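Listed next as structure tokens is one chain, alone, in the form predicted on its own.
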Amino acid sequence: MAAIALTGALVISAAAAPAVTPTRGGTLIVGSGVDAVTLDAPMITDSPSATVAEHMVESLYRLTPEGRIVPMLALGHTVSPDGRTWTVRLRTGVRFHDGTPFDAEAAKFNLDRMLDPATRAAFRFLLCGPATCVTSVTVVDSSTIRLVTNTTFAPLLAHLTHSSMGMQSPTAVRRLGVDYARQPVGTGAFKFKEWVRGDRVVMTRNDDYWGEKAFLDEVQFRVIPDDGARVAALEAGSIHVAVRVPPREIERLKGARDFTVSVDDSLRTIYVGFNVTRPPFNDGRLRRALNHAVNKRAIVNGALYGTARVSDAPIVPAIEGYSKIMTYEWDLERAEALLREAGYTRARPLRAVFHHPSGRYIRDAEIAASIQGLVRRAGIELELRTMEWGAYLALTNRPQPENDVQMYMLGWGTVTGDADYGLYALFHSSQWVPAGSNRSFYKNERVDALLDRGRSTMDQAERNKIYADAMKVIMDDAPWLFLHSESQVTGIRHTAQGVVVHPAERVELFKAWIRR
């Protein structure tokens, strides 16, 4: 079966792999920092939503924790000699949770829905961009579909692993309309039960699942925004898994008898984006000044206790297409010189508003406060505005004419394992929000051309050179304050067996079970 080879190590973390025969039954509870935003696959843009949805809704292909692309609802595919026609064979005998058959018509419905601009899917670029596009999806027979592209499309297979490509019941999507986003119907090992906003999403085992059935009767993703409360719930045994355990707690929790805390790689880079179309950050000197004013290593070693890595590119080393580009070294003199060139002094300081979430990323609010303190040494005054995750995404997702956000903190997990997903979505000018994910409204014609070439170039060595050239330009333009690549710090009770922490920042419970 076709596969990609990631350049770095994807690490699987299983909480004490089963040493005895798994037992069936029970409820496993995961404590998360934020709630899901939506459970309608094409509309999902964040990992917390994707983590929940992927237990119910499956894609044609899947990226394993080891970095291999394997079939899920597909059985396999062939590609024509000119590289433009993909024929995909589908698994037969599969039904959605509402009884609707999964077949070629259902697959075409979902792919067409993703392609339809009226859906307003932020990740439509996975199938169609200005230069590289799936131009048609046709039904060959009940278990075969054909995708035709306008040119060669190198990352297409990787894109078909993405959660937004999940296959959902056409019957349910048509029947429920906008309400579908709160009650998804897929083919997965678990079925939707309830979603209490701000509190929990609950799923039950799908006893008619086409594959190996889950052991658990029920799983819950419970929202516990406060880091300390989430860790306390883990210690008390009221949850089985706690995501984003504060790194400062690692040493204290080492001696715990009932659970372990693991530190695992992730595909996520953390950054602060600038709105490059509005003052003051339409001036590149100011963006570079902030990059020099922030001591990233101090953040990594201090706030994150060494569990992260200072960024030297917009994507992390594990991604196919990564190259080490550069790091803006901590240099207050250089930062102040750039500020003076742009007309700012300590008597007339640069002032800006810095929006950020709380509980979404490891110590996000604390890191925002650290940045505020660090740049003050260079004469930059930042006003912090902390927001709830869903409201924060909505604010930063507004179109350019009405988007007055100056600085914002976000992370991006390149969950397909391919540089196209980590660069095209965030730096191509066709991807400005709300149509895409480019919240900085960055535009550079050379970067656009390079990213377009990267999509249609099939030779991986050549693609690597193209992406290295693109990243050099991006780092020099500095539409971001480049921070660090995040690790996953997860606490798992010993009674929870078979839990997988996927590098794509997913907690997977497909084979999990409760040891009694």
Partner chain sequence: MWAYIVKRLLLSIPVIFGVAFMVFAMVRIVPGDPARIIAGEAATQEIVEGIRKDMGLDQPLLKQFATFVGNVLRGDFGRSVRSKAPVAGEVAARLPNTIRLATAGLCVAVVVGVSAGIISAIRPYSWMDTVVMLVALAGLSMPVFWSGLMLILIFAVWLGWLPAVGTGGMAHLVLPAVTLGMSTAAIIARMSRSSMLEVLRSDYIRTARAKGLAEAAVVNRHAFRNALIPVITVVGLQMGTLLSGAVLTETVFAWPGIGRLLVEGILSRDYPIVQASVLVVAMAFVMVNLTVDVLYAVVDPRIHYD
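Under this definition, the rigid core comprises the largest set of C-alpha atoms superposing within 1.5 Å between the forms. This one's a predicted model, so the numbers in the text were calculated from it and none came from an experiment. Residue numbers count along the first chain shown, from 1.
Only in words, not in the display: the form predicted together with its partner chain, which the text now covers.
Asker: Indicate whether its partner chain has at least one heavy atom within 4.5 Å of a heavy atom of residue 200 in the predicted complex.
Answerer: Contact check for residue 200: yes, within 4.5 Å of its partner chain in the predicted complex.
Asker: Does any part of residue 222 reach within 4.5 Å of its partner chain in the predicted complex? Heavy atoms only, please.
Answerer: Heavy-atom contact with its partner chain at 4.5 Å: present for residue 222.
Asker: With heavy atoms only and a cut-off of 4.5 Å, decide whether residue 337 touches its partner chain in the predicted complex.
Answerer: No, residue 337 is distant from the partner.
Asker: Against its partner chain in the predicted complex, would residue 285 count as a contact residue? Criterion: heavy atoms within 4.5 Å.
Answerer: No, no contact at 4.5 Å.
Asker: Does its partner chain, in the predicted complex, lie within 4.5 angstroms of each residue among 65, 240 and 515, using heavy atoms as the measure?
Answerer: Judged in the predicted complex, none of 65, 240 and 515 sits within 4.5 Å of its partner chain.
Asker: Among 368-376, 225-233, 80-88, 308-316, which stretch has residues with heavy atoms no more than 4.5 Å from its partner chain in the predicted complex?
Answerer: Result for this chain: 225-233.
Asker: Tell me, out of 37, 70, 473, 449, which residue has a non-hydrogen atom within 4.5 angstroms of its partner chain in the predicted complex.
Answerer: Answer to the contact question: 37.
Asker: Which residue, 154, 121, 350, 405, is the contact with its partner chain in the predicted complex, using a 4.5 Å heavy atom cutoff?
Answerer: It is 121.
Asker: Between 425-446 and its partner chain in the predicted complex, list the residues on our side with a heavy atom within 4.5 Å.
Answerer: Result: 434, 435, 437, 439.
Asker: Using a rigid core alignment, state whether the CA of residue 269 is displaced by 2 Å or more between the shown form and the other one.
Answerer: Comparing the forms between the shown form and the other one, which are aligned on their rigid core, residue 269 does shift its C-alpha by 2 Å or more.
Asker: By the 2 angstroms cut-off, has the C-alpha of residue 358 moved between the shown form and the other one once the rigid core is superposed?
Answerer: Shift of 2 Å or more: yes.
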